[in-house]
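One chain comes next, on its own, written as structure tokens: the form predicted alone.
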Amino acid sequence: MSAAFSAPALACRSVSFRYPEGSQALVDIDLAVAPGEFVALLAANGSGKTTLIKVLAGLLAPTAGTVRIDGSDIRQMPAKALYRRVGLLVQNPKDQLFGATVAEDVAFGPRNLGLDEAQVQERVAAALAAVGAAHLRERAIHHLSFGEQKRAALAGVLAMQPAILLLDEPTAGMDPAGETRMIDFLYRLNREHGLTVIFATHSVDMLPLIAHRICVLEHGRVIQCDAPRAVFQAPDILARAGLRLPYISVLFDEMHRHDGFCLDRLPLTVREARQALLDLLAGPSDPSAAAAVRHG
């Protein structure tokens, strides 16, 4: 855990999970997430990331080990207390939406907390504004696009005002514009509002922009957990887990191996790539030295 963060908001110790039919989904997982941290669970499909999210949310009880929220074992926490602290966004929003309209759906959680109607409506308005969906307030759920359903479901979670947000593939099935909007929402919730975010995904390209740490899972085990720069400097570990480098890094790796471009490190983002290209184009003032920079 980075020294910039304090004691864990959520921690699991030696967590394993086996499904009733016998398949082992999680094996001896240790993870500590500090308040305000953004942690990505990066894994190929079938590697246990969805199961881990459900265990962290208390939907599944681990067959071994413990999960703690603010030091308390979640198995000992009343459901209402747990879901005041932890919000869960599942992969398919249709599994999470059941109100007649967006406003009714978002209001469901706050009403079940026993808030008065003025407080409920205040939370509904704030949550819809946070995800850019205020204009969808009176829209029928079945008239929403897939991306709009995702935003409505996220608003319903935010209306509970959790301190910890768990998300299972929140950008799956979205078009590029919708994916960018969702990532921007999550970034702002984390950086500007201090929500602790644990984000399960198999998509690597956005993670260098948003994650403080990336935990790579393979067959239910965490095989690496570090800052994005360190994780993406280990392509062999990623390949072992059925993953890849960000596409911008793949491009520059190809330029290095096939075109002779010499780089201190692979860029992880477009901004880093731009700077690397500017540095290469500028080069040393001596033309022969510039050729050496380009061709290694």
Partner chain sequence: MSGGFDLFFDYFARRDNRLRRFDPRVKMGVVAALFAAILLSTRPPLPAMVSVVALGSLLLIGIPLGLIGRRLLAPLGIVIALVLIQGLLVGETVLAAFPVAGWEVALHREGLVRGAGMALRVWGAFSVLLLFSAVTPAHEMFRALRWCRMPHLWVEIAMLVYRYIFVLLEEASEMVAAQRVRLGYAGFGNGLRSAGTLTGAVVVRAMEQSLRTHEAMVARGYTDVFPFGPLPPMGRRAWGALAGVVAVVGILYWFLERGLA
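Residue numbers count along the first chain shown, from 1. Everything numeric here is computed off the predicted structure, so don't read it as measured data.
FYI, the form predicted in complex with its partner chain isn't displayed, but the following is about it.
Contact between residue 99 and its partner chain in the model of the complex is found at the 4.5 Å heavy atom cutoff. Under a 4.5 angstroms non-hydrogen atom cutoff, its partner chain in the model of the complex lacks residue 181 among its neighbouring residues. At the 4.5 Å threshold, heavy atoms of residue 73 stay clear of its partner chain in the model of the complex, well away from it.
In the model of the complex, its partner chain lies within 4.5 Å of some heavy atom of residue 94.
Heavy atoms within 4.5 Å of its partner chain in the model of the complex map, among the stretches 132-140, 191-199, 209-217, 167-175, onto 132-140 alone. In summary, among the residues 160, 225, 204, 128, the only one with a non-hydrogen atom within 4.5 Å of its partner chain in the model of the complex is 160. Residues 98, 99, 100, 101, 104, 105, 106, 108, 109, 111, 112, 117 of 98-134 are found to place at least one heavy atom within 4.5 Å of its partner chain in the model of the complex.
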